[in-house]
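What follows is one chain in structure tokens, specifically the form predicted alone.
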Amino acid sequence: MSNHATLAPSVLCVYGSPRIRGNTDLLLDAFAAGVEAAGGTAQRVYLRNLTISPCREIYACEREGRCALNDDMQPLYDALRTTDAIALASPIMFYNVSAQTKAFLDRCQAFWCIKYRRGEPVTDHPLALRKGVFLSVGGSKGAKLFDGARLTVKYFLETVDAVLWNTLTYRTIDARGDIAQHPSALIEARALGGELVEAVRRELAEVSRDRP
């Protein structure tokens, strides 16, 4: 978790693209740079470099309060519990997030069981509802291109006591480097990173003032 005394918010930045240095990476890089320029910390997680098995629906999480699969998802559970904000970036594949991102999200079924089946808190974070951001690119012009992914991310965030605070989505971004040719995307992503840090900093300050 961030040092609340110094109000330097921590943001978990989850890179969900299978392509190294692709458009999604560049977009989240710009966002993370904005986080750091505003005095926050960006914890970068590249899902393509991790071994995260799909959820097997064995419900050990309901019985034991934790996921039984011992892979690279385990450290991410702690990161999701303690970070001050979450930024998730994924390209659109068949009108939803990438396979790497979906495996990560599905393994958060453990949080769902802890929260709704066991009736236990998933985090002791001082903010009752943390902020989440979704960044995405897609190759087509479809009017509903991002609808499925946005809903998926929204309900994932609710499960970890967060709310979908803002989104940045860009159509007709497909070939490597397309995002860098967009007139405003990287500027907007960097600005949003800074805005998120300032918003979380204000909330943390309010919580600190209210505490004895």
Ligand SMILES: Cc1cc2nc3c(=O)[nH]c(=O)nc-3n(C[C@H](O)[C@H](O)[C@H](O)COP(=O)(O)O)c2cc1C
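Not measured: the values here are computed from a predicted model. Note that residue numbering follows the sequence shown and begins at 1.
In what follows, reference is made to the form predicted in complex with the named molecule, a form of this protein that is not presented.
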- request: Answer with one of 73, 105, 92, 113: the residue that has a non-hydrogen atom within 4.5 Å of the named molecule in the predicted bound form.
  value: 92
task: Answer with yes or no whether residue 138 is in contact with the named molecule in the predicted bound form, where contact means some heavy atom within 4.5 Å.
output: yes
field: Contact test in the predicted bound form: residue 19 vs the named molecule, heavy atoms, 4.5 Å
entry: yes
- prompt: Do residue 149 and the named molecule share at least one heavy atom pair within 4.5 Å in the predicted bound form?
  reply: no
query: Is residue 145 close to the named molecule in the predicted bound form, meaning a heavy atom pair under 4.5 Å apart or at it?
result: yes
message: Quick check for you: of 167-175, 55-63, 182-190, 150-158, which stretch puts a non-hydrogen atom within 4.5 Å of the named molecule in the predicted bound form?
response: 167-175
